[in-house]
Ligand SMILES: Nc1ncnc2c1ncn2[C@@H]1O[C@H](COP(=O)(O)OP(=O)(O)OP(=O)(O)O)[C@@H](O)[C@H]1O
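Starting off, we have a lone chain in the form predicted alone, written out as structure tokens.
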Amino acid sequence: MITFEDVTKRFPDGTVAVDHLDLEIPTGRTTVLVGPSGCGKTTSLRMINRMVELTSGTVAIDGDDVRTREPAVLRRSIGYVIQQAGLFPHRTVLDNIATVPFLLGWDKRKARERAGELMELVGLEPGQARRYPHQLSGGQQQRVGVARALAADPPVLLMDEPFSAVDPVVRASLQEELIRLQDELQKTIVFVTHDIEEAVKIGDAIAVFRPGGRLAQFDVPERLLAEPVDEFVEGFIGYDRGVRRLSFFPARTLSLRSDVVVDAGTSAEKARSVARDAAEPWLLVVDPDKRPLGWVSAETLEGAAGDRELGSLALVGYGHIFVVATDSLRAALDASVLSPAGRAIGVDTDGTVVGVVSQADLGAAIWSAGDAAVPVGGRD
């Protein structure tokens, strides 16, 4: 556990960056520090490894005041990942990752073996080991930075806006990779970001800082979204916090309709009967393996010859899908909004169709979720 007890940081010009901070960061979890620029979140993080010295109060790791340890020794025991990775340009990927083990006196063979293991862990190819940082993409460099921070197996990992310099697609991939790694490694991670979306996605707990370095709210993401303590927190989170909160309610609770799912070999006449019985303006057409092909409207069916198979008709694209077992109500809502039929398609983990849900039925489920207590156990 990392504890801040009445911690203040005042710079020589009188600027107060952190003001009387009390915070307990739990062991083995990801805690995100978030807030507007200049609110003290990076300063707070850097006081943990003494890259910034506090003015008053105590920062402790598992009860030991960080000021009782030599800064260089302390930093070698804490992983640290920053923007742009901060790699040594003259060292190979393998030797960049092995930096801390080298400093700790490991022999080169052992250090490089460890670096090779970590390359695989963070999703880097063995063939990249002898490359130099300038030969890698931004996302690959950040993976090297994460691997280097993990090289000596530190219990604490500090991450200062590590993904902010890469494009949104790579950033999402790196966030997913971090979640996967944390599930496996269970490090005590302190992660700084200005992006509340990122904080909600990766954080087990979120500390929101006000301008002036004061803590506004410290809570699990679910409760932060549901119950912001004041107008500042509510404004910082944004007015779409209700939609974000749906990420914590599982899609597996939805009632899906399978009676409007028809095989591509079905005749238009039979499909018309199915649509009338179901009182639905759209049917989902699937292939023999029950994978979605597209939507057919009741209007199209009425104009088609009775013996024509649905697979020969002009189908409407099916848009996005959601995985029933693992996705959230937010993913289902997104799929329904993007669907040309206004219906979300739920599939199993193999991609075969389980059923569909209309926006009206989804809305009822969302209404129930909005009235529900904050779910326990984290995001689905």
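Remember, predicted model here, so these are calculated numbers, not experimental data. When you see a residue number, it is the position in the sequence shown, counting from 1.
Another form exists, predicted together with the ligand; not displayed. Remarks below refer to it.
Figure note: of the listed segments 31-39, 317-325, 350-358, 337-345, the one touching the ligand in the model of the complex, with heavy atoms no more than 4.5 Å away, is 31-39. Within 4.5 Å of any heavy atom of the ligand in the model of the complex lies no heavy atom of residue 368. Residue 43 belongs to the set of residues with a heavy atom inside 4.5 Å of the ligand in the model of the complex. Within this chain, residue 161 lines the site of the ligand in the model of the complex, having a heavy atom no more than 4.5 Å away.
Though the partner is left out of this view, residue 17 does reach within 4.5 Å of the ligand in the model of the complex, counting heavy atoms only. With the partner omitted here, the residue from 194, 187, 244, 223 that has a non-hydrogen atom within 4.5 angstroms of the ligand in the model of the complex is 194. Annotation for 253-273: no interface residues with the ligand in the model of the complex [heavy atom within 4.5 Å].
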